[in-house]
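In the form predicted on its own, a lone chain appears below as structure tokens.
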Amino acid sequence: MAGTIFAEKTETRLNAAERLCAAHGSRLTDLRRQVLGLVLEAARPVGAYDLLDGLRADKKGAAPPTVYRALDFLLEEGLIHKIERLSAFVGCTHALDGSHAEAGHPHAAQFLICTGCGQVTELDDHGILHALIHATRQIGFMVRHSTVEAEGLCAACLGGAAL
């Protein structure tokens, strides 16, 4: 897998992922690194079987459990997000670019899913998270993780139409 070459920006993010894993006492293996690289380079959220196809370019014997184990690790480390609505994955650029929420606070992941072109945009709006935390505290619930998925049309698909 050493033969896989990613774009410079992806390599920078992969190096950041290695440092984050090491800080957590875990290891970004070559396989996990390749899966993360494929997720990061995908133009849109990518499914597990698409990742498997990408892996098979370098590793002919790759099987679904291989991809799912790598994805589970990457999710646990906070390096990727699963878009439940699409059963697909995107890289957590906030974690990999160093703008992740501070320690001890849940990551405020919100995704805008364009039903026109399929583009997914990640927001990290702490106002939404704080509103959720406030509302849930009133009923005695503590938020540890939150993902909001909103469907609509992106600016390009709206074509400049008034909101």
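Just so it is clear, the structure is predicted and the values come from calculations on it, not from any experiment. A residue's number is simply how far along the shown sequence it sits, counting from 1.
Same protein, other form: the form predicted together with another copy of the chain, not shown, and the subject of what follows.
Student: Of 26, 136, 29, 66, which one comes within 4.5 Å of another copy of the chain in the model of the complex, counting heavy atoms only?
Tutor: The residue from 26, 136, 29, 66 that makes the contact is 136.
Student: Check residue 22 for me: does it contact another copy of the chain in the model of the complex (non-hydrogen atoms, 4.5 angstroms)?
Tutor: Contact check for residue 22: no, nothing within 4.5 Å of another copy of the chain in the model of the complex.
Student: Is residue 131 close to another copy of the chain in the model of the complex, meaning a heavy atom pair under 4.5 Å apart or at it?
Tutor: Yes, residue 131 lies within 4.5 Å of another copy of the chain in the model of the complex.
Student: Under a 4.5 Å heavy atom criterion, is residue 55 part of the interface with another copy of the chain in the model of the complex?
Tutor: Contact check for residue 55: no, nothing within 4.5 Å of another copy of the chain in the model of the complex.
Student: Taking another copy of the chain as it sits in the model of the complex, is residue 40 in contact with it (heavy atom to heavy atom, 4.5 Å or less)?
Tutor: So residue 40 does not count as contacting another copy of the chain.
Student: Decide yes or no: are 15, 76 and 95 jointly within 4.5 Å of another copy of the chain in the model of the complex, with each residue judged by its heavy atoms?
Tutor: Result no, not one residue of the spot touches another copy of the chain.
Student: Which of 66-74, 45-53, 118-126, 31-39 has heavy atoms within 4.5 Å of another copy of the chain in the model of the complex?
Tutor: Among the candidates, contact is made by 118-126.
Student: Suppose contact means any heavy atom within 4.5 Å; which members of 135-157 contact another copy of the chain in the model of the complex?
Tutor: Going through 135-157 in order - heavy atoms within 4.5 Å of another copy of the chain in the model of the complex - the hits are 135, 136, 139, 140, 141, 142, 143, 144, 145, 146, 147, 148, 149, 150, 151, 152, 153, 154, 155.
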